[in-house]
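Single chain ahead, by itself, as structure tokens, in the form predicted alone.
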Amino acid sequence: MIKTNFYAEKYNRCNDIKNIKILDSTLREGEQHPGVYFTNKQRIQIAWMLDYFGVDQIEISPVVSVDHLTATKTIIKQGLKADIVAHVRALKSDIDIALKCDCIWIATYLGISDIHLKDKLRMTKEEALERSIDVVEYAKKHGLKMRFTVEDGSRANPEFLIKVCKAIENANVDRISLPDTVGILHPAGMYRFVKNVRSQIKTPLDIHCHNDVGFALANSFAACEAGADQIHTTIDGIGERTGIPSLAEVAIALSYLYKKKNDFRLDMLVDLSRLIEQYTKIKPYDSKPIVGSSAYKHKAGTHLAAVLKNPAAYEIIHPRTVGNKRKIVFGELAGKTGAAYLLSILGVKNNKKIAKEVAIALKNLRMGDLIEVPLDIEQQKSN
């Protein structure tokens, strides 16, 4: 039996990466996507499904509105396996609101880059450092587990970044999140950014990457190779501006490319995507990896010929694994093998001459794609 991915796995071998956790922020970052708003019933359902899928933490902000506060309280009362992380500003008054939710975990953030300090916060570095320490100590004094996000850390002065991280580590923060807030880093830059922090900080590190130039997924894994151990995602990658990494892509990469053990229910991925599409009216683009409607469509004649013999020729993951379906597309690119399969569906089998004629006719029509047909090789073989 051919070991289909054997040689690729040799290239992918990575001894440095730890077992990586996932924090899903659909209920916080996801609601920052333009036009997105969930009802409380929807928030609760999304939380239940994310928990059943197997994410480690679910983030929601109780300080946005009264509805968000109610949703946070209700979700925490559900007794889900995942940690529910109450996301608040670096203010003691916000932490007091989180405390009313009976939460165990909170997350806070403060911009530390020069532009954030000067033009957003109007705060000196000394004032930012003092506030960072104060809010961590306040949260820990109240028995909370806490993550602190050094917002815009990828554009901050490296010395000041480390100074803040060391200070909040000494204040016993439980996790530090390193964000690429505007998506400015490329993977090698992300590796160096996180490696610099990891070499001087022992506290567990989260990574929160924005997708402004399309590097969010690659940057997240570069960060993990440098020492981070939790990636922030949303369903379909929705979020502020162009969003953050997609839950589906991160989960599949962890499971199939990095070979990390987990309890993810991967067959829920398409259902999760369709749920968000239903609630937000944001349809994933057809060729979106894993969950897109074209993720398992095969069109070119040479591809069809190979897939009809063995789908693994052009699929590294079976579509049922992620809740998707395989389809083949008939049109001017179908070729003789595709035409022959189309004829077999119509009851005409083993006629190479007719198949060749049909292939030529499809090409001469010059109408592109004419028909899509579901293809389940395994079921056909069992029948």
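So that there is no doubt, residue numbering starts at 1 and follows the sequence shown. Fair warning: this is a prediction, and the values are worked out from it, not measured in the lab.
Although it is not shown, the form predicted together with a small molecule is what the next lines describe.
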The small molecule contact at Y109 in the model of the complex, heavy atom, 4.5 Å = yes
Is there any non-hydrogen atom of E151 lying within 4.5 Å of the small molecule in the model of the complex?
-> yes
So in the model of the complex, does any heavy atom of Q45 sit within 4.5 Å of the small molecule?
-> no
Determine whether any heavy atom of R28 comes within 4.5 Å of a heavy atom of the small molecule in the model of the complex, and answer yes or no.
-> yes
Partner-contacting position among P284, G227, P179, P311 - heavy atom within 4.5 Å of the small molecule in the model of the complex | P179
Using a 4.5 Å heavy atom cut-off, indicate which stretch of 62-70, 322-330, 45-53, 28-36 touches the small molecule in the model of the complex.
-> 28-36
